[in-house]
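A single chain, nothing else alongside it, follows as structure tokens in the form predicted alone.
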Amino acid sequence: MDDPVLLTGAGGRVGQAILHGIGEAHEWRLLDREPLSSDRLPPGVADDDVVVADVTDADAMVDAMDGVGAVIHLAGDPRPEAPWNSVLENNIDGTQTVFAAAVEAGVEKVAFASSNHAVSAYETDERTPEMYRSDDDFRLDGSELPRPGNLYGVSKAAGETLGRYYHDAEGLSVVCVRIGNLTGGHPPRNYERGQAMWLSHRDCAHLFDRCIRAEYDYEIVYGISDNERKYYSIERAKEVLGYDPKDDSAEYTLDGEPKDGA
């Protein structure tokens, strides 16, 4: 894509994983509520490419999207325990503002960072912990209804529905990525659930690179690495986006140490 990519929430964990992985592959416009230090900027990105604004500011968002070809929308309150007033303002109102601004600015596609919390209530007492293990065949594939386990998950489910609306009503291409457990260097340590939904930094960067480059209508995909033990299917991400993850939590011990030959 020749046009810049707007990345909201650029200073956060997911944003930094993306920029460290594919920062040199695209022209960027970075947006965050706080100024970004130089070590958080990829090569070639100058201060003029950084927008300090809140995603709930409609005018600022339209201005930030001027000339942009795609948006990766990460910004919001990331706390699973976030209270309703925060998820309503930052995650739901903010996401609606982003989608509306994208339509007004003529942006082609938006990749929305959803979350595993949008479906975490599928992890019932009857299914766990067996569903976290490689010999269990339970899978969520993105076609199921949301089943959030907290108000943060409710806000992510709302964001997915907003994306559906703006695709149907305005023709915006939207992909919602239900992100798993993102860690760098190794899977989550001593956390069976986290290892089943591990997303490595390099697979995260690659996945969002495919969100920028691929053609799609409206999609919900899961953002995890190619883990042997998983209860999220990544087949749709492979088929529609061309996602080709390289990492697998099974190559590490439960303590997060590489196994022999990994």
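Quantities reported herein were computed from a predicted structural model and do not represent experimental measurements. Heads up: residue numbers just count along the shown sequence, starting at 1.
Another form, the form predicted together with a further copy of the same chain, is not on view; read the next lines as being about it.
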**Prompt:** Is residue 190 close to a further copy of the same chain in the predicted bound form, meaning a heavy atom pair under 4.5 Å apart or at it?
**Reply:** no
**Message:** Even though the partner isn't displayed, in the predicted bound form is residue 149 close enough to a further copy of the same chain, meaning a heavy atom within 4.5 Å?
**Reply:** yes
**Prompt:** Looking in the predicted bound form, any heavy atom of residue 133 within 4.5 Å of a further copy of the same chain?
**Reply:** no
**Message:** Under a 4.5 Å heavy atom criterion, is residue 164 part of the interface with a further copy of the same chain in the predicted bound form?
**Reply:** yes
**Prompt:** If contact means any heavy atom within 4.5 Å, which of 85-93, 70-78, 104-112, 182-190 contacts a further copy of the same chain in the predicted bound form?
**Reply:** 85-93
**Complete:** Picking from 220, 55, 196, 207, the single residue whose non-hydrogen atoms come within 4.5 angstroms of a further copy of the same chain in the predicted bound form is 220
**Item:** Contact check for 22, 32 and 49 against a further copy of the same chain in the predicted bound form, heavy atom at 4.5 Å
**Value:** no
**Request:** Output the sequence-ordered list of residues from 112-134 with at least one heavy atom within 4.5 Å of a further copy of the same chain in the predicted bound form.
**Result:** 121
